[in-house]
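Before any questions on how it binds or moves, here is one chain, the form predicted on its own, in structure tokens.
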């Protein structure tokens, strides 16, 4: 068999470990031929490939980013420029390359595109990738643990400067619609206020929580906020608006930090390296068994698979009764609601 591997969407720690997991299993265990598709679905459109032999797959386990490159090409968008029939081109190029399957490593948009490609009659396997941990159907995605480590360390570091200046320090973390990083890093880093896109925010309750801390002799506060939080009906960059509203409402000096792309750069954590290896290996097993049109996933620490049609277009959001939220409230942490 001949298989292709591509990575699409945002970069993320663990993509290279996944490429390695798929490729080395395919080559060494199943005797398959493996090619890398450059720059996501754009590579399928432009026939940009490179052979992936054992030498090419060496040294990838701890490497951040993606050696195949990535793009946000969405071939099924109705407003594609140039009027090209991109799905038809992809199907033609897939067959020209002699592929028996294409492995698509990516987030929600990638899994949806993978499902759409499967509808063209092509063999596809999806591997979930995102630091946001918001892909439906899997308990975990690789990249989340690595980003969580970085975010937690950043909050740890803010404690010292907040203490020194008796300030409110706000840290804005990634997660446009899902607040998994904010919840887990906020709890692990000892944030006093944790604001999630799923729950929204009452600024009066946030200010009151900070004032109450001050009355108890706690002269500083840490606020962790998800980048997708809507504030005053507005989206985008909530940290700056929060800083103004908190300083005005509490009369406490307030500063913001937007952690940004640092969260998804650098080497993957040991956990993510192993998860990526497990997911990649299972994806190759599915190919060998002829079980296509599926996404590999984690369920109760077991690697499983489910049909792409069950995943496409869905998000996994933080539920309001998540045990970390319940426990956080019991401990006096404010969630702004």
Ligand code: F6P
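Positions refer to the first chain, counted from 1. Keep in mind the model is a prediction, meaning the values are calculated, not measured.
This protein has a second form, the form predicted in complex with the ligand, left out of what is shown; the following refers to that one.
task: Please check if residue 72 has a heavy atom lying within 4.5 Å of any heavy atom of the ligand in the predicted complex.
output: Contact check for residue 72: yes, within 4.5 Å of the ligand in the predicted complex.
message: Please tell me whether any heavy atom belonging to residue 176 falls inside 4.5 Å of a heavy atom of the ligand, as the geometry stands in the predicted complex.
response: The answer is yes: residue 176 has a heavy atom within 4.5 Å of the ligand.
- prompt: Taking heavy atoms and a 4.5 Å cut-off, does residue 131 contact the ligand in the predicted complex?
  reply: Residue 131 belongs to the contact set for the ligand.
- prompt: Would residue 86 show up as a contact with the ligand in the predicted complex if we use heavy atoms at 4.5 Å?
  reply: Result no; residue 86 lies far from the ligand in the predicted complex.
- prompt: If contact means any heavy atom within 4.5 Å, which of 189-197, 167-175, 246-254, 147-155 contacts the ligand in the predicted complex?
  reply: Only one stretch passes the 4.5 Å heavy-atom test: 167-175.
field: The single option of 213, 112, 264, 241 touching the ligand in the predicted complex, heavy atom within 4.5 Å
entry: Result of the distance check: 264.
field: Within 206-232, the residues that have a heavy atom no more than 4.5 Å from the ligand in the predicted complex
entry: Result: 227 alone.
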